[in-house]
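A lone chain, given as structure tokens: the form predicted alone.
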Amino acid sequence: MAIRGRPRGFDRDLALQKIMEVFWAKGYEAAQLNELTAAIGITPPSFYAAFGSKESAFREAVNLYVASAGSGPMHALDAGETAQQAIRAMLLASIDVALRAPQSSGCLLILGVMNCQPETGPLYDLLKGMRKETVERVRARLRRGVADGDLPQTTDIPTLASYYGAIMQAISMQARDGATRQELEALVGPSLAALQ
């Protein structure tokens, strides 16, 4: 007789890490339940008992990503002494995240939901909101740069913040398409020229 339920010693945190990696590599739509359950070694009923649904697991995985693997760019943005240093460090950290992704699939927040079918609309909105929050954090750092005298008073903060959000998305997409670290780092210098 088969044993039902989660295996003894089931480590939910470790399981969530593995689920995050599957979603990061494949995106929400392409990740199949059998891939998620195989990654953590449990049956579908046990998966639903532990995580509720594929959508709930994805939401948890996104939160874990923001707190762990995907946190580097925002930490770098906050740590830079000048606006230029902060933006440069953020872009380099974005490259690190994109190249560290399973199968070099870029950033989970950018590529996690691509097709936006009606049933995935709420998840697309979740990721879109997080991307907008990233742009707002860049905007706040640029405002600080103006206040500190790192940037001219005439700096077009909203446009530059959107621009750097777009550069981070480009890094993610190009990593997914096989760009090397050298190719991605070559984007940083021209991007920083926008601050001058």
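Everything numeric here is computed off the predicted structure, so don't read it as measured data. Heads up: residue numbers just count along the shown sequence, starting at 1.
One more form of this protein exists, namely the form predicted in complex with another copy of the chain; it is left out here, but the text below deals with it.
- Of the residues given (154, 159, 68, 34), 159 alone sits with a heavy atom within 4.5 Å of another copy of the chain in the predicted bound form.
- Between another copy of the chain and the residues 99, 79, 92, 114, the one pair within 4.5 Å by heavy atoms in the predicted bound form involves 114.
- Although the partner is absent here, residue 18 lies well away from another copy of the chain in the predicted bound form, with no heavy atom inside 4.5 Å.
- Though the partner is left out of this view, residue 170 does reach within 4.5 Å of another copy of the chain in the predicted bound form, counting heavy atoms only.
- Taking the partner from elsewhere, residue 14 is found to have every heavy atom lying beyond 4.5 Å of another copy of the chain in the predicted bound form.
- Of the heavy atoms in residue 165, some are within 4.5 Å of another copy of the chain in the predicted bound form.
- Remark: of stretches 58-66, 146-154, 40-48, 24-32, the one touching another copy of the chain in the predicted bound form is 24-32 (heavy atom within 4.5 Å).
- Contacts between 178-196 and another copy of the chain, taken as any heavy atom within 4.5 Å in the predicted bound form, involve 186, 187, 190, 191, 193, 194.
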